[in-house]
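Before any questions on how it binds or moves, here is one chain, the form predicted alone, in structure tokens.
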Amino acid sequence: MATTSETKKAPSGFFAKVIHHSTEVESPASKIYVYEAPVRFWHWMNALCIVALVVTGYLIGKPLPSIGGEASDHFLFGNIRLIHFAAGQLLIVLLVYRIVWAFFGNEHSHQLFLPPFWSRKWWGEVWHEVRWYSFLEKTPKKYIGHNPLAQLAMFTVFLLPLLNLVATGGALYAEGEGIDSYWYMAFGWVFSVYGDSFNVHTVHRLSMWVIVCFTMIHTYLAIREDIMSRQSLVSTMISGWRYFKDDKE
């Protein structure tokens, strides 16, 4: 069985590394260091922010029943909004941090942002993964980073809705801050795209439900792959190392 030192060296160049590690199957190998600490930190912090935003966002749209007593004695809804705004602003900072790290991190840090849509081989491997997840393939392939179907899903059903959430959420917050605020200068253009505040709010909540559905499917498939596939998934995002369970091609 090959050791980590015997694995192939990735080609140089930004686009070359993106194409290479989106499609190549690495086999055989015992383990490969895939996700660096900054990527793992972003993954789990991003997950915490999304949980906080989904829960508080839902409660903002569907408020809890009124609490008895003097209004001055309670600040429940204010705290819900505070958590939502704080988590949203942290999410923006984390997203900027993750985009910057894509330029400084290893080749696997690029996969989230640039799927190789131009690669026929990549699309063929997407179809193989669809068949594998549908229980129509007997043997999964080995991938260093995300498999092609996961990469496609994370770009179209996670990253794009996340960017939409940030844009619409920033616009709604800017509306409260006023047209003279820096927030409105940064996000006021969103109203030109979607229209009035009601439309922006609707798109914001629809994007939230897309993220919720993605999170449930993502969690299920990650656990499923750890059980049924020939490489680690959940533990990889904890330790950074991908372990292969056999030495088959």
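A residue's number is simply how far along the shown sequence it sits, counting from 1. Everything numeric here is computed off the predicted structure, so don't read it as measured data.
Below, we refer to the form predicted together with protoporphyrin IX containing FE (HEM), which is not included among the displayed structures.
Undergrad: I'd like to know if V234 sits close to protoporphyrin IX containing FE (HEM) in the predicted bound form, meaning any non-hydrogen atom pair within 4.5 angstroms.
TA: Yes, contact at 4.5 Å.
Undergrad: If we define contact as a non-hydrogen atom of the residue within 4.5 angstroms of the partner, is R81 a contact of protoporphyrin IX containing FE (HEM) in the predicted bound form?
TA: Yes, contact at 4.5 Å.
Undergrad: Within a 4.5 Å heavy atom cut-off, is Y182 in contact with protoporphyrin IX containing FE (HEM) in the predicted bound form?
TA: Y182 lies outside the contact set for protoporphyrin IX containing FE (HEM).
Undergrad: Is there a heavy atom of F85 lying 4.5 Å or less from a heavy atom of protoporphyrin IX containing FE (HEM) in the predicted bound form?
TA: F85: contacts protoporphyrin IX containing FE (HEM) in the predicted bound form.
Undergrad: For the stretch 218 to 232, which residues lie within 4.5 Å of protoporphyrin IX containing FE (HEM) in the predicted bound form by non-hydrogen atom distance?
TA: H218, T219, A222, I223 sit within 4.5 Å of the partner.
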